[in-house]
Every structure is written in C-alpha cells, then in structure tokens.
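Only one chain is shown below, in structure tokens, and it's the form predicted alone.
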Amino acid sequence: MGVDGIGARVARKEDRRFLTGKGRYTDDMSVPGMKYAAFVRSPHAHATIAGIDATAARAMPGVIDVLDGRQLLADGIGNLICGWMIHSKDGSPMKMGAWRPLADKTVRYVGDAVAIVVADSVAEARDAAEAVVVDYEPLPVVTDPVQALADGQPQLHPEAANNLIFDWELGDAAAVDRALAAAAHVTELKIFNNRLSPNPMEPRATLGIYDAGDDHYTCYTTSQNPHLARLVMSAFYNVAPENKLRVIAPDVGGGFGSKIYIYPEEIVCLWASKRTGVPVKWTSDRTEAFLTDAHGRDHVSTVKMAFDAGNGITALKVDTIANLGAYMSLFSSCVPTYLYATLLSGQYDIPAIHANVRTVYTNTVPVDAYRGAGRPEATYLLERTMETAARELGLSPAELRRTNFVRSFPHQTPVIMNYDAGDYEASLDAAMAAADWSGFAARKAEAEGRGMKRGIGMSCYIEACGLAPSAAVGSLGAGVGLWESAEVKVNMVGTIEVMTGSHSHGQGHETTFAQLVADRLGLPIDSINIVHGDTDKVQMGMGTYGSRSGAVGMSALAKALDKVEAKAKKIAAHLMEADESDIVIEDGALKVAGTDKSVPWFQMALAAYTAHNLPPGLEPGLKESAFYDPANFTFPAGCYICEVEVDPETGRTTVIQFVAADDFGNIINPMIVEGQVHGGIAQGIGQALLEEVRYDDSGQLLTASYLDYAMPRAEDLPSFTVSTSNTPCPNNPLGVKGCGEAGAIGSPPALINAITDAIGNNQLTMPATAEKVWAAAQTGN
C-alpha cells in the first residue's frame, strides 16, 4: 500500500472545492435565455379538478407561459412508473394507479403538481403561480394505512380496490405456524416504523434545456442516477429520445435515496423548455421538499417469535402494512418486499420465517427508499423483538443473541438471502468491550443516586448491499440490471481519467476511486481524475444507492484496471525487451523484476499513443472499459450499543454513549468510512428520538418546516465510538461490503432498547419524544 492507496486515511480530494464554496450544483447552472419555474400545487389531499383558469397569471409581469396537465397529456408525455413489478400471493400483478406529472383530473396529496408557470424571475413565477385559479371539488381523504384497507374508505385509484396495491408473502407459513404451536415461548409485539422525510442539504432542482437547432435536450438534475433518469424519461415518459437527451447530475448535496427517483419536475421542466422555447430552471424550497420529496419508512407490523426450551429461535411470523402514499414511486414496491422481508433473519439462524406484506395507497406523499431502504425496518422489528424476548426469558440480551447467531458460512436463510461471510460474535464482543458492558450496573446505580433513570440497549444488524446479481433481481421483478461500468483512460502524459457509472453525492468517490487506481498503478492520487454524473461522458451506469459504489462500482473499475495493467505491461516489456510476465508496476514505473531496468509510467503512456514502437499487432492507445455484475449481495453486519439517561421529571433522553462495531469487509479509506458511520448513526438517532412526518385527518402536512419537523442537532448526539472487524467479502475482487447505510440501520433499535430498559416500559414508539417517554415512564410495564 502506498501513502494514497487502499487502506490509507487520505483527505477527501473533493473537499477542496466544497469547503471553499467552489462546488457547482444544479442551481448554480446558468445558460443564456434561462427562465424560472414555479409549480401550482394542490392545497387539497384529494380532489377532482373542475377547471384551471390561468388568464390572470399569464398577464402578470415577466410571465412567459402557464402550462397544465391537459397540455402535457395532449403532447403525449407519459405517466410516472414504478420500476419493480411485484405480484400478490394470488398471482395478480400489483395495482399501479396513474401518476400524471401534472395532474389533469384528480389530485391525491397536498403538493400534487397541477400546473407550471415559467417567468423571467423566481419571484415573478411564484407570484403568478398564486394567481392561477384551480376549481377543485374536494373528495374524502384517508391517510392512515390500516384504515385505508377497510371497507367504505375513500378510494384513491380505481385499479386498487380498498387501496390495496399488493398482498405479498415470502417464506413457509405452514412451517412457521407449526413452530409457533410447539414453542416453549412466543414473544409478540406490534411495531410502528415512523414516516420520515429526507433532508439533504441541497434541495431538489432541475434545469431543462431544449435546443431547437439540434433538436436536442439537456437536463441538469439533482440525481443519484443520471443514466437511469435518461432511460426512464426517454423510454417511458416520452420526453425525449434517448440519443437526443443528455442528463447531467453535477455536484449533488446529499441524496439518502430521495434522489434516485424521477420526479414530475424534471419531466415537466424539459417539456416546458420545448413548449416555451427557453431553458427552464426550478429549485425546490424547503417546504416544497417536505411536501413532495418521497418519504421513507411508514410500516405497521405485528411479529411473533417462537423459541424452544433452549432459547433457540424456531420461527418468525411477520405481518406488515406498508404505506406507499398517493402513488407508486420508482422503487417503492421493492422496499417493503425484497429489501425488507429478505433481511428478517438478521444475524440469526432461524429455521422458518413467514412474512406477509400489504402495501396501501393513502392521501400522502409517495413513499420510497430512504437511507437503508427496508433494511432499517427489518432490523428495527427484529432487534426490538430480540430485546423484548430476552427480557421475557430473563436472559441477557447478549446471551440470547449469541445463542442464535449464524456461525457457519455460507448460510442460506429461509427468505432468499445466502450470507457469504461474517463473524457476528466478534462484533458483539468488540462492542461490549468498548461500551464497558460489565460496568453498566455501577453506572446505573450512580445515575439513580442523582435521580436519573439509566438504560442500555443493543442491536445486531445485518444488511444486504450492492444489489445483485442482475439475473436474480430480474427474476424477482426488477426492471433494470444492477451491474456497473467503468472506463479507465490513460492520457498521453500518463495521467488517468476514470469514468464511472456510480454517482457521488457526498460519499467521497473522487478520493476512494482514485485510491484504488493509485494503489494499482503506483501513481500520485492528484494525477487521477474521477468523472461521473454525465451521460455524455460516462458510457453507462446504474448510479449510487444501497451502498453499491464500492462493491459494484469499484469492482468494475478493478476489472478495467486489470485490462489497463495487462496492456501497459505488454508495452513496457516490448520497450525493455523483457518478458511481460516479469514486469511489475511500482512507484510510478514499470520495472523488470530483479533488475534495475525500468520505464517510467508516463514514458510507457506516451509510447502507447506515439505508436512508434509497439508490439506487433497491438492497437495504439491505452483506454479500457469493463462492466461488473456481482454474483451475490454483500452483507455488512455489526453490533451497536447505546446507553442513555432519562430524566423522569421531564422525559428528556440524553444519549450518554454510543458504540458501533461494524464489519465492512476490506476498507478503502478508514476516515471516510468513519464519516459514513457517524452520519448514519446521527440519522438513526434522529428517527428514534425526534423525526416524524405527521398529517392531520384532512391530509394536511403538519410538519412542513423545521419548526415542526425536528432534525437532530449537535447537542442531541454524543461522541461516537466506532471500530471495525473486517471479514472480507468473498464475492467481489476487492473484498469490500459497503458502509453507507449501516449507522441508520443499526442505531434506532439500540436507542429504543436503551430507553425502554431505562424506564421499565417496553411500550414505546418512535420518535421517543420527551412527552412519550415521560408518559411511558409513569406507567411501567
């Protein structure tokens, strides 16, 4: 390993521009003639549109035009789609209701877009949007997913009777029922996973440009997946032919899943640019973000876990209702199914599992993947149940977990997943040692002396990252392959450009991808440039989500580097009249092993392009590409322990200590990994203590600003203690697993387990606000 190579704590290259205000985000983009858009949004959660009168708005200063859904429909722009087909257990396909980019007949949530105003300035566009008169005829509303399934409730889409999208199952129901009947003990719980709103620092934005001269479209957008955006907008929405559409996702200020999908605004701004003849830019304000960015989580579940007389788990039965909101977003159907139910075995050897999942339409913002996507919901359900079972059985929570850990690999779970490698006991031991688990009783006694309630909780999570392989996910309903591509271009002077289909929106790819190249070729990291986020520069790609960039994107890069290295050795061997098998690459040179003969890297690169002295038959140039389709998911895992104090007078919870012991396989840059874990834990603590999207019965969003939606602040968080015990993944060439979501997955159950331990009442739902904790502390179990 060199100073910049794999395993080095290299400072992030991209931070030079981010920390000096030199980043270039979508809202920074400006082109000649550019105008600004504002959307007319429904104030009703459910209503029919009797008419739209834009006469006054069109006459206002600066207004270019006002366009509505009927014009959009007339121009043949298609409906938004869900890209993962799920079939109900009776074999029928999911019931996908129509989602128009601009509603033309019915609105189904507050914020549903009805029309777009294009004007000379943002202020003029927003003023004119308020002047558009929409004649709504309100309809009955339902926001609760359980209530939405009942007879007689408001119906959102005619295709979905009783608002049921699909009724899906996974596992062996009969085997589970037999195990439950024969169990020595059964733990039962009702689990709520609160609805969350993503809060990236950069709100969504888009700039649509239609060039009439070339009949060509360009879309700047805050996307985690620009190639998929181009595919979907061309193949399904009819906005532009794929060969005439360039999608650019420049610097993007955070995604957390909410920028994977294609939203109405990108489609409408591109269409409006052609309609009006001017480039059209829209940038969300924070309230629009709360109203329209896809939300996350929102599950209601019941769970039964069966144990034998030796405290071994014999079965798990789960029934979940998942609220998908008013429409099916792009990946919404796979989140509560294949990203959730398949992880219900956790780190445990459970012989029989059955999960039943019903997804439901309600008059709320669409719900889709949010950091972790299904894995946090599965882990929360499982780890709350394990902790509860340990209390009911009179066991240490660590002892119960140890009793049931998977210890032999590969391990086939009853719910599809085949775990490839891991050492769960090592993470548990590391976390318990770091948390001084054995010393907790003394700390609890000391806290009681001060009138405080102290509790400790643990969570042992597993997740599936690097979604794969393409053939497998295709058989499960995915509409796309989940490979990744990379291209390595060695310039004539030896510097390197890497084009990757992964997209960086805060993860540090410009550093970690460069570290891999530096490690392989022995070059300074500053001589390596990482290019991403532009469909005209990068051949193909599937973007960044699900912690796939290391395991899949960097594996594609490793394959491309294999080709570059092989050709470079051929050239060097020819120049030095040596056998290519004797060539090694070290410290920026190609050397003949065991001799003092060498060729500098730049000299070899120049030779590749001058082509004056190449091996016979070898093509000039040095540029190679590769696709990588993984053979299996990767399975990061770990153990988190949280210690809290609760003030019984106020219900306020203080996180005293938080320990994370993770297994991410091989690590490219420990500093970046630690940053990812810190961010994830902060997000998980936010869900557990503070964050919740709330609607009233009429479908009005009550948490549409930071006055009402509580994000965690520095004072809510302790200093985290993190460590890793790295079991390499055997299924990719780098042995990496992925770290981006772990903190958000593992932390909520550890924190809620700690609070319930402190107050002696297991009946507590997230977010554990001071009011809820105080009330629960008064009653006890």
Partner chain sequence: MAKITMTVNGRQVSGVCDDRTLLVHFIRENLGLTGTHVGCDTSQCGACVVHMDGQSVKSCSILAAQAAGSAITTIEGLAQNGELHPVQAAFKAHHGLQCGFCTPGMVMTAVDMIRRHGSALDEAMVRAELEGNICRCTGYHNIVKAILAAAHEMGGVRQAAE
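Residue numbers count along the first chain shown, from 1. Every value quoted in this text rests on a predicted model; they were computed, and no experiment measured them.
As for the form predicted in complex with the partner chain, it is not shown, yet the points below apply to it.
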Checklist outcome for this item: If we test each of 138, 679, 615, 524 for a heavy atom within 4.5 Å of the partner chain in the model of the complex, the one that passes is 679
Item to check | One residue of 443, 652, 105, 286 in contact with the partner chain, assessed in the model of the complex (non-hydrogen atom, 4.5 angstroms) | outcome: 286
Checklist outcome for this item: Note: the partner chain not shown here; in the model of the complex, the stretch from 120 to 128, 170 to 178, 144 to 152, 427 to 435 having heavy atoms within 4.5 Å of it is 120 to 128
Next on the checklist: Given that the partner chain is not shown alongside this chain, does residue 55 nevertheless sit within 4.5 Å of it in the model of the complex, heavy atom to heavy atom?
Outcome noted: no
Checklist entry - Would residue 100 count as a contact of the partner chain in the model of the complex, using a 4.5 angstroms cut-off between non-hydrogen atoms? => result no
Checklist entry - Given that the partner is absent here, does residue 610 sit within 4.5 Å of the partner chain in the model of the complex, heavy atoms only? => result no
Next on the checklist: Within 4.5 Å, heavy atoms only: does residue 711 come near the partner chain in the model of the complex?
Outcome noted: yes
Item to check | Site check 15, 19 and 24: each within 4.5 Å of the partner chain in the model of the complex by heavy atom | outcome: yes
Item to check | Sequence-ordered list of residues in 690 to 725 near the partner chain in the model of the complex, where near means a heavy atom within 4.5 Å | outcome: 691, 705, 706, 707, 709, 711, 712, 713, 714, 715, 717, 718, 719, 720
